[in-house]
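Here you get one chain, nothing else, as structure tokens; it is the form predicted alone.
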Amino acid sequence: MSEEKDKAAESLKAFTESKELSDRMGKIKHKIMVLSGKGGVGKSTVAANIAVSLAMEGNKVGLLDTDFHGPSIPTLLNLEGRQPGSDGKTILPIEFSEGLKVMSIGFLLPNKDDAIIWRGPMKTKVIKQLLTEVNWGELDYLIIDFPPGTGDEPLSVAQLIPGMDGAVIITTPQNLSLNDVKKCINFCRQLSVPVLGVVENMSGLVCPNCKTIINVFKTGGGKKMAGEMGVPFLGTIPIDPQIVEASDSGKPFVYHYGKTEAAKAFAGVVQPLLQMGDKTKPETKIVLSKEEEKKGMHKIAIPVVEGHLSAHFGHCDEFAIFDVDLENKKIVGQEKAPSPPHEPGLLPRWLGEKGVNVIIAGGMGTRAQQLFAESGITVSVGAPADDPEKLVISYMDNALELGSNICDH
């Protein structure tokens, strides 16, 4: 009898924790992971400056540091020695500034030099506590900083928070880092976490005298790798001595050195993330005239590479856009439009502005499908790499054979 009571108590506890976690995360619009395949690439510096940049744009932002063995966020934001408060039931994150709340395991250590020696199950337990018990309130963004690699910390968060908006992956130009970033991308794909993009950090050195950029290592490797892996490239950030100075003194670089080239590079990286939460832009809606509705007129878009449907939806050469009369099963017009720059959230607006209301694709990530659905655009995934016109004809005849989502990222 006692064993049954224990099982019932454990079940109730698990249910309660799951509901608390769901309620807590439900108040946060966008959850974004910041990952790197290798240490020393400036991941925490980028994460902190992304969070500050988003807050500077008027957003409510949370920054969670899950790097238990080397928490850097307290140092980067000059918060060492601070302790989070409590309302008796939940942990209150530290208010760095208006619009930015911060939580790190570093705030809970008696001594900043103490070493944390935990195995995987303990890490998972503490991460669950941080997600469940930290009272973030309502946020526009939660930026989550992780230790390097694809270990317990990112795995636990990805599994605990369904519907993660995606991951920003940080690399440096060297092949040693780029090879490990590919593992991060594959990690995200296996866990159905969209890759929002790759950032190439330390891409050239800003000369402190003439301000020109010197390619100390090399540059362009991140962009090339992103193209090969079929993910967006968000931009390059150069090495700037002022970034080191700002980081060591706990001053957010993008705030104190906003006019520098490196700060402008950060702004470019953050722009696609801002577009995720931009509520000022009118929602794209497909409006057909009554005459068109009667005729069953539609616009069908197909991503094309070398004359055939592209397996990588967002990285095609062009889009073949067909005007079709579904009632009479006829193609009444066709155009080819070069693909715009690959930025998160851009394609739904761009295709919507062209009047597209149906997309036939080989594969498409879950987040992209959601964005198209919100714009009133129907998506069919799993189509074969065939001639676009042939696919459209099959679609009109209800004979289009769809397989699995072959590029779900």
Ligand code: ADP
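Bear in mind the structure is a predicted one, so any value in this text is a computation, not a measurement. Residue numbers here begin at 1 and follow the sequence given.
Below, we turn to the form predicted in complex with the ligand, even though it does not appear here.
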Heavy atom within 4.5 Å of the ligand in the predicted complex, from candidates Gly352, Gly363, Gly62, Gly42, belongs to Gly42
Heavy atom within 4.5 Å of the ligand in the predicted complex, from candidates Ser247, Ser156, Thr132, Thr150, belongs to Ser247
Assert contact_stretch over 235 to 243, 133 to 141, 330 to 338, 222 to 230 against the ligand in the predicted complex, heavy atom within 4.5 Å, equals 235 to 243
> Taking heavy atoms only, is Asn201 within 4.5 angstroms of the ligand in the predicted complex?
Replying inline: yes
